[in-house]
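This document opens with one chain alone, in structure tokens, the form predicted on its own.
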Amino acid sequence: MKTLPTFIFDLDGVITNTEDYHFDAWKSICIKLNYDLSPEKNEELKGVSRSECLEKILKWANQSLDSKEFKKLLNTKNELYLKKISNIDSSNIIEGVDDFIKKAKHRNHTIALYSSSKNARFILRKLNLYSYFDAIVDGNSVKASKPDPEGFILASKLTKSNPEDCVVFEDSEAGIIAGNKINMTTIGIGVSNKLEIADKVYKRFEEIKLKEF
């Protein structure tokens, strides 16, 4: 009998479009650094931890900060982001993904989340999706963020799944690379050409048929 694969979802850009709020918050931080963050450069921040994002931005801006100022900017960014997401609800779920998750759950697929966000649990509760997840791995759970596969390895252990029996849904190059490293099936969601390294790419969840798995 074929093993039902475990589905591991990213959060930002896959379940909800809070990535736009991240972009806005980072742009505000970049203004303080006299750096203009472009949408193209923002693509490189997807799936990456908050501190690593700031390290990338400082490198692009050719600037450096002492540890105190670095932490201050990280906290400011998070405060801006939390303010922006404070009023989100189920209407902020990306079209099609909630239906896919609910049908998968009905068919007894194990459902997990791996997001670099340290606010992942808070967001899932705001979206009324928290109860559908059998395991949640977030930025508080790992030392190394994507493209390191640590979070995906932890998600597979928490769900008692072999990595090769897991399907990853990602909108970031870093997430796809991480899943590929440990032979998980990777599904790219979106239109970025950086997703072409995934096993399959779909523009949106409505294109995906659950019976494919």
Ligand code: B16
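For clarity, every value in this text was computed on a predicted model and none was experimentally measured. In this text, residue numbers run from 1 along the sequence as written.
Another form exists, predicted together with this ligand; not displayed. Remarks below refer to it.
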Please name which of the stretches 43-51, 58-66, 156-164, 177-185 has residues with heavy atoms lying within 4.5 Å of this ligand in the model of the complex. 43-51
Which of 132, 122, 100, 81 has a heavy atom within 4.5 Å of this ligand in the model of the complex? 81
Examine residue 118 and determine whether its closest non-hydrogen atom to this ligand in the model of the complex is within 4.5 angstroms. yes
Contact flag, residue 11 vs this ligand in the model of the complex, heavy atom cut 4.5 Å: yes
Is residue 173 close enough to touch this ligand in the model of the complex, meaning at least one heavy atom pair within 4.5 Å? no
Any non-hydrogen atom of residue 77 within 4.5 angstroms of this ligand in the model of the complex: yes
Relative to this ligand in the model of the complex, which residues of 121-141 have a heavy atom no more than 4.5 Å away? none
